[in-house]
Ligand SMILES: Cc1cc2nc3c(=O)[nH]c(=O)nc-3n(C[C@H](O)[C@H](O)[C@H](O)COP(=O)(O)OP(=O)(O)OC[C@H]3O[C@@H](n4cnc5c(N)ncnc54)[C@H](O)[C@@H]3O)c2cc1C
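Consider the single chain below, provided in structure tokens and representing the form predicted alone.
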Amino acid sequence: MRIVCPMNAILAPRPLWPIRLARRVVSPALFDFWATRLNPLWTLEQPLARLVSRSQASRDAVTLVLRPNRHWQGMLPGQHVNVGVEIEGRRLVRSYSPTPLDDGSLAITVKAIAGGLVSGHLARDARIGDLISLDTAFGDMVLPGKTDDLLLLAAGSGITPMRALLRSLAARGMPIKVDLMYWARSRDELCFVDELDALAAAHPRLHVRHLLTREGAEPDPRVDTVPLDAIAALADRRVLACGPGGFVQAARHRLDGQVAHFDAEAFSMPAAAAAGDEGEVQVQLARSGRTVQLSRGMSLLEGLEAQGIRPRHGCRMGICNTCACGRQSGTTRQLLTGDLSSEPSSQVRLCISAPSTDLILDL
């Protein structure tokens, strides 16, 4: 069987006959076992990437460049990818929004979060040559088909999908007007400052503003109070917002009824619980037969993990649906919107749903 070198096949057409032949002869697991001893990126089906470089993106974030093998199917700028690493014998998965690079590589920017196993490993411990698994790209934080002018709102790590979107627009000559407002607590926490400023200098239709909420004698206003008078035709803008849950909620409230369209992704849940969601409820896991007491003010995923239960999950943002499971009975609250849902046999996304009543889940 002829094996095509994945490093050369990233941008080349993929011959299908070797794959079809291998599938008839051996299982993917057996093929991977032997092929990866010749080259760690040679797999029958599994998308993998090798870490090829790392650089400091800010005081507390690093950018890692990954070179995928031939099974990587690509992504749209702004989408997310579940990235898997092995830590102490366990494969752990977290979601990042990569920037596609011209040579087919992917750049992910990782901020080490206190207590975060994956973010800490990637930011501090990952070494050049390490292998990382990639899942299929997902998410709707992509450029719209229509040529609406954009208002991009980013806080913290929320700048990563915006960077990918801006690079894509710049490659097309910046065909629309774009305003980017990027918040951080201090200047040394900003990522891609020189790159974003260079894009703005090269493209008159792009305006970039960095806002620092905890620096200087007069810190910049937060998203809920920032003046927007300087943004032309605000009512006709399409807004894309990405950041912590509280930031996204504040941005949505700030722009409600003032813009043409609002899309957002939050990479953490709002801190405050809804009124009346104190106390605990009983959650029955139908498949395992376990029954646990979970807090109404915590997501189902976090509550189950605190009980030592490890449901499948990916992005922890309600986007990838990896953690979705069936509901047999009971009511849940969507943490991003506060909406209640009690429809039997419906899917519950554990990462963004909190229990409001006793529940029976297909877990």
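For clarity, every value in this text was computed on a predicted model and none was experimentally measured. Throughout, we count residues from 1 along the sequence that is shown.
Keep in mind that the form predicted together with the ligand is missing from the display, and what follows is about it.
By the 4.5 Å heavy atom rule, the three marked residues 144, 223 and 247 all fail to count as contacting the ligand in the model of the complex.
This chain is displayed alone, yet in the model of the complex one of 260, 113, 76, 174 has a heavy atom within 4.5 Å of the ligand; that residue is 113. Contact with the ligand in the model of the complex, judged by any heavy atom within 4.5 Å, is made by just one of 325, 48, 317, 294: 317. Comparing 280 to 288, 247 to 255, 116 to 124, 174 to 182 against the ligand in the model of the complex, the single stretch with non-hydrogen atoms within 4.5 angstroms of it is 116 to 124. Shown alone here, residue 72 lies farther than 4.5 Å from the ligand in the model of the complex, counting heavy atoms only. Not displayed here, the ligand is approached by residue 266 to within 4.5 Å at the level of heavy atoms in the model of the complex. The ligand in the model of the complex is approached by residue 80, whose closest heavy atom lies within 4.5 angstroms of it.
Residue contact with the ligand in the model of the complex: residue 94 places a heavy atom within 4.5 Å of it. Residues of 139 to 174 that come within 4.5 Å of the ligand in the model of the complex, judged by any heavy atom, are 157, 160 in sequence order.
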